[in-house]
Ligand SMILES: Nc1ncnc2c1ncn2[C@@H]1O[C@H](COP(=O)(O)OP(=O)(O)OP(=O)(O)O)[C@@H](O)[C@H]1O
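One chain follows as structure tokens, the form predicted on its own.
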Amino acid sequence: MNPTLLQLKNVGKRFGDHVVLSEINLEIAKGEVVCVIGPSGSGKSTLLRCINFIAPPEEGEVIFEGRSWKRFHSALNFIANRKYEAQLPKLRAEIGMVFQHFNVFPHMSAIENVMLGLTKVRGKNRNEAREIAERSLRQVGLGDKLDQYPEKLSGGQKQRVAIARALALNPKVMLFDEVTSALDPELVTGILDEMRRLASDGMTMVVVTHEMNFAFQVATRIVFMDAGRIVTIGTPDEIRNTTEPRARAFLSSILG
């Protein structure tokens, strides 16, 4: 078994009085592909945002490579929070994230989108950043679209730019949040194939998805969530044959 790379301990998240996540405990080993499934509103996307502190958890801690990350919720810890906030860009560079709606900058070409993090976060000069960005775009099949602007790219191509942008930073973990749900059906296969390639290359991945075939074929383990909690975790075979009532009902509604 590979060493644990990422751990969530008693993570909780709320927006106002609404509890979105409660008592989340999860360990992810280096090289694992963990797919997170469950009904809409179960907290799956928020879970990813807690992992790299886009939405910092109010409770518990995220442990990455042995270092604990957690928010302090007292005015007495203002300085501690400021120090950790200053280090968050480095954390997010190590834990790349690809969103449902691409989030590419429309006023920048494909290669400029990918170069941005390399210069701002990794401190690369423009020549080095361009070389890495070009390599990352070629890796995802966009070697002929380097200077194209997003308005000239298909949805699938924009999603590939987003993947290349995250990969260019050489992260240790990749988070994917429903990355195919905004795509036309004919574009989905290409993105899933790209994710399969990353998995086969040993990339540690946490994937929120409704693509059940992908989850059962690629995942090391599958996490089923409902109402802000992890209900059950298992290998694809264990989840496919689970006796847990909520998981069985969810899978029956999707798989028939």
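Values in this document were obtained by computation on a predicted structure and should not be read as measured data. Throughout, we count residues from 1 along the sequence that is shown.
Although not depicted, the form predicted together with the ligand is the subject of the following passage.
For the options P39, G60, G31, G190, the one in contact with the ligand in the model of the complex, meaning a heavy atom within 4.5 Å, is P39. Every member of the trio F15, T46 and E178 reaches the ligand in the model of the complex with some non-hydrogen atom inside 4.5 Å. Contact check for H210: a non-hydrogen atom falls within 4.5 Å of the ligand in the model of the complex.
Interface residue remark: V20 is counted as part of the site for the ligand in the model of the complex, having a heavy atom within 4.5 Å.
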